[in-house]
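Have a look below at one chain only, the form predicted on its own, in structure tokens format.
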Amino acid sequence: MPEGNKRTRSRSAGRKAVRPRAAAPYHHGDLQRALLEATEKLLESKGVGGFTLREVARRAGVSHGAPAHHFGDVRGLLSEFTAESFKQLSASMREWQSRAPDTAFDQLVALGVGYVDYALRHRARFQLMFRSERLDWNRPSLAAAGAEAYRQLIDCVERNSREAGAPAELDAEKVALAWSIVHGFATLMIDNRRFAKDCSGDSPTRALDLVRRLIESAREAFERSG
């Protein structure tokens, strides 16, 4: 065989050996997870005001129509993301309660600390969770997850009141008080730099200690009978 033909055949064989593989397609569940993870990163860097489906798709490495295909629109994606956030919040409150004494008031304090702990660890998620204009509360997953988290608070307040011998008609006010303490504190810690520095020196541990003391200082109000 002539030497030139050998070289040509050798080069041809080499080209066949390095043929590139086609990229593996996303599976349905993987794509949804990729979009939700990209949503979190975009919210952390740009906030709700800078959030777009196109940018989420770009960060997830998929076509710009992929988010709409899976979630419908911006509100659909943000609502599904927020449903996940409420589940995480519920888990945080349960985790803190599991480490606290099983007395009614200790459980209420632990639930409140778990609420603030979640807010401080997931600031972008927490800020979105109560932005009603960006969320679709008719979406079953979001409605169920939000109701579950709220139910935890109601159950804790009701148990504390019953064990203190307080009537049920005061429960709604006590729920409002508990939520106001923890939600107001968490929001100020996230949104007000001066408040965060003055109250805790920007230390999450000191912040949780402070919110614990705030709830404990309101014990009489949570156990009042009239």
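The numbering used is simple: start at 1 and walk along the sequence shown. This is a predicted model, so every value here is computed, not measured.
Not pictured, yet referred to below: the form predicted together with a further copy of the same chain.
Sort through 36-44, 181-189, 53-61, 155-163 and report the only stretch with a non-hydrogen atom within 4.5 Å of a further copy of the same chain in the predicted complex. Selected stretch: 181-189.
Using a 4.5 Å heavy atom cut-off, state whether residue 194 contacts a further copy of the same chain in the predicted complex. Residue-level check for residue 194: yes, a contact with a further copy of the same chain.
Is there a heavy atom of residue 31 no more than 4.5 Å from a heavy atom of a further copy of the same chain in the predicted complex? Contact check for residue 31: no, nothing within 4.5 Å of a further copy of the same chain in the predicted complex.
Spell out, yes or no, whether the shortest heavy atom distance between residue 208 and a further copy of the same chain in the predicted complex is within 4.5 Å. No, residue 208 is distant from the partner.
Heavy atom of residue 168 within 4.5 Å of a further copy of the same chain in the predicted complex: No, residue 168 sits far enough from a further copy of the same chain in the predicted complex that none of its heavy atoms falls within 4.5 Å.
Pick out the residues of 142-157 whose heavy atoms come within 4.5 Å of a further copy of the same chain in the predicted complex. Heavy-atom contacts within 4.5 Å come from 143, 146, 147, 150.
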